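What follows are structure tokens for two forms of the same protein chain, given separately as structure 1 and structure 2.
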Structure 1
């Protein structure tokens, strides 16, 4: 499939602003473990460390607070928030609402080069499984999802999902260690890519839904433990 000039223009990445850079720095700090959930951090100190003014730092933190990734304490600073069960339920609901139709649209729009790029990330995930490298695996997993979202052609959705994925990253990593293997997560992506290879939009959406629902159940189990609460929350989520 050949993308139109308009499609190509829509997929160009705008230069990052200072706010964008600050958001990415905070997200990277969460990924790397230098920003720890629950600890209090100074807005002023973060601005100094990044070499920017306080204004873009405040704007970045406000945007991250909208996703539930950070929380402000008046006149004190901010904390990275480890999402609870209710927050996780809401995040998965948003991801289902946005990523399922995005996968369907990607199946229609993907050309040979797009499918090759997705396979490259999938093969890198497989190599990470073999090496037992969880950090690399999660990176390529995120890149694969981002490529799918970019194919759908909505930059706002891409940014929203990237923030939500980072908000659940710490909980998600623990599900890999306790509830499922890297191999399990890797295999969940295969039906999505197979559907894209066929250009089968309904199958791509169904495979994405299955993957996200599996992830959602495990995240909730990690947050609240086993029991009836998970079933009630999950019923609320999917109905």
Structure 2
């Protein structure tokens, strides 16, 4: 059984730092709509909104800037960035390259406890679908993917994907609502888990590929700018 605490770069047994808590606060603010993409904010204002000094806030935003989630503008402020079609396509390509082999590996390594944990998340997804709670749905979707990655046993891969996910979460949230395909996304995970149960590595990989490509296309369709040629970029980076 792979422990699920996800301590890749491992920080603290001690309480999380203010920087860590600020990172979470920003993520939450974006989820909740308090921080609007494209809008200009400042470390000053955010710092006293959160009731902390500028240092941890600045550090937190710099880390988020590394993943491309926010962008600083010198002497102006920072913005929450939502990724364009190009960036989304690139991210999907990376996820395909890393998560498909991870799924294959997971199929080989999973024991009964792992499979049970995956099922739990899967059922929680189903519950979120019927409840129409897309926030919860995305949360369990993420957890399921993360569990799979941890099963594969490569902490670097887990961290990389986690970072990329951050950059896209924003698009995902607004996308799924519109296309009301929440249930479709849910269904796509079934073949993955079934293959895991059978220990069928190739099938698990194929199912994961199919899932990522499908949701990838979905994301792109929503996030596309008029100038971007999706088909061209897709074949260029993915196929």
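Numbering follows the first chain given and starts at 1. Predicted, not measured: the structure shown is a model, and the values here were computed from it. Heads up, when I say rigid core I mean the largest set of C-alphas that superpose within 1.5 Å between the two forms.
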Item to check | Of the two forms shown alone, the one predicted on its own | outcome: 1
Checklist entry - between structure 1 and structure 2, with the chain as two rigid parts, do residue 215 and residue 133 end up in the same one? => result yes
Item to check | Degrees turned by the smaller rigid body between structure 1 and structure 2, as judged from C-alpha superposition | outcome: 16
Checklist entry - Cα shift of residue 52 between structure 1 and structure 2 after core superposition, in Å? => result 8.4
Checklist outcome for this item: Aligning on the rigid core, one finds that residue 43 shifts at its CA between structure 1 and structure 2, in Å, by 5.0
Checklist entry - In Å, how large is the CA movement of residue 70 between structure 1 and structure 2 relative to the superposed rigid core? => result 2.7
